[in-house]
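Starting off, we have a lone chain in the form predicted alone, written out as structure tokens.
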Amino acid sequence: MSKEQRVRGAPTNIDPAALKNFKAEMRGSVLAPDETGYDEARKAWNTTYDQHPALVALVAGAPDVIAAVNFAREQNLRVAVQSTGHGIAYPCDGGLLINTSRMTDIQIDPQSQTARVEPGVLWGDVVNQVQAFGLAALSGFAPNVGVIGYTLGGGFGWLVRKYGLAADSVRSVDLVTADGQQAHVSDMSNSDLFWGLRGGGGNFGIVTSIEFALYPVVEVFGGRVFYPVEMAKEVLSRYSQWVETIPYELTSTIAIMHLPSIADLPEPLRGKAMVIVGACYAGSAEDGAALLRPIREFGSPVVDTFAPMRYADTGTINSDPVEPQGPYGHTELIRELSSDAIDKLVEVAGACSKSPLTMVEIRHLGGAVAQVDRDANAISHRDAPFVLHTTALGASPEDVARLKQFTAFVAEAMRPFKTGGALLNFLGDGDVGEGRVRAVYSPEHYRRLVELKDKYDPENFFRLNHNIPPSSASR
């Protein structure tokens, strides 16, 4: 470790006696910058954030979380919470990073069709265990993403149009609040906080367990079909018409993507730009094949991976990267995939665009998402039909600057088609700030969330996140 790293993270203002007592109270570990394991514990999956906290608390259970919150409050340390570090908003430099990755308990109740998990659990672990009971969880596209952050931010996966967002299936939450108290939150207990947690992210406390519904899905029909990027307009046009006809059981995406030249990809795809339609049908392979025929048999696909599969294997559909990366992204909800919108997408991301972005992706919403009462929880913008997300990978500061500039260019080009809203799950990767958080919520939902912040965290103790400041912050 370099001298600079030690200076950036060193706990210079922490009372030594208090730190000694904190370590003694912990069942888990407390690591300072000069201790073995600190570097690994501080790292986020998103390598853009090279954070250097004063201390990392590797918590082993709810009592450790309470101890960590109390210690940070008494020592006036900023706090961040991290399991995997996929959706990190701001680095925890000089603060206390509460790492929950060791809290990995999973409890499954097949009779009630529910599961309760701790905050270090990844979706891949959940879906494999519940599959043995003939059930599925509303997991994300990537199996290496943590359950808690994904769910509190909404939770968009391959069953979203059939069963809704993951946040809509939460039954109860246990968490530690800013005053170091443990609370059980549900429709019957602290119902106001239960409303805000489902969609409000990490603004109100540190979740120590979450209970959610499971669904009777075992086999699905899923995969991707790849076309040359030169066919982007034709495929996008076909896709925009096709999604108007499909049932709730079918969730899909379409992306223009620059694929890496790696051995894991089929040879025809290596280093190529493609337009890709991905989908998952929660039903029989026969019905899925029939529904997807208009997309799969259009022109001459380069590669087609569609096949029957276990729901637990749907992480292979998109094959999102497992190894840590440093993506820069931006997200917008869009109101239409009209011919004008398609023309603009092709102009900024198609074959002649010289786009440096790794991917420009559109995910189809609607279905069960739009059927939930708008005030059921803090999720807003349920009527948006599509979400647009751009992703870029830069190897140097110069690359990142160029990618940010082009991302802004794409966002401006698509401005006529935006709803003005965003999804919390897709923020991060550089797409942060008060204005972006406000875009996630309707004005009324944001007002209610500020009221909850005033009640449960008036000092904004939990602020290294996609923050909803208390009203006192604007005075």
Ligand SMILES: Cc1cc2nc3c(=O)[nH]c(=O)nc-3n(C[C@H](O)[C@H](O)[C@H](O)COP(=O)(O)OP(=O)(O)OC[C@H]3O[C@@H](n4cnc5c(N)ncnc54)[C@H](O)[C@@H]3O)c2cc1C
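Please read these numbers as outputs of a predicted model, since none were measured by experiment. Position 1 is the first residue in the sequence shown; the rest follow in order.
Not pictured, yet referred to below: the form predicted together with this ligand.
**Q** Given that the partner is absent here, state which listed stretch (202 to 210, 234 to 242, 296 to 304, 219 to 227) has heavy atoms within 4.5 Å of this ligand in the predicted complex.
**A** Comparing against this ligand in the predicted complex, the contact stretch is 202 to 210.
**Q** Could you tell me which one of 164, 278, 87, 95 places a heavy atom within 4.5 Å of this ligand in the predicted complex?
**A** Residue within 4.5 Å of the partner: 87.
**Q** Let me know the one among 387, 145, 312, 170 whose heavy atoms come within 4.5 Å of this ligand in the predicted complex, would you?
**A** Only one option qualifies, and that one is 145.
**Q** Given that the partner is absent here, does residue 328 sit within 4.5 Å of this ligand in the predicted complex, heavy atoms only?
**A** Answer no; every heavy atom of residue 328 is more than 4.5 Å from this ligand in the predicted complex.
**Q** Check whether residue 196 has any heavy atom within 4.5 Å of a heavy atom of this ligand in the predicted complex, and answer yes or no.
**A** Output for residue 196 is no: heavy atoms all beyond 4.5 Å of this ligand.
**Q** Contact with this ligand in the predicted complex for residue 140, defined as at least one heavy atom pair within 4.5 Å: yes or no?
**A** Yes, residue 140 sits close enough to this ligand in the predicted complex that at least one of its heavy atoms falls within 4.5 Å.
**Q** Do residue 156 and this ligand come within 4.5 Å of each other in the predicted complex, heavy atoms counted?
**A** It does: once this ligand is placed as it appears in the predicted complex, residue 156 has a heavy atom within 4.5 Å of it.
**Q** Sequence order please: the residues of 302 to 320 with a heavy atom within 4.5 Å of this ligand in the predicted complex.
**A** Residue within 4.5 Å: 320, and no other.
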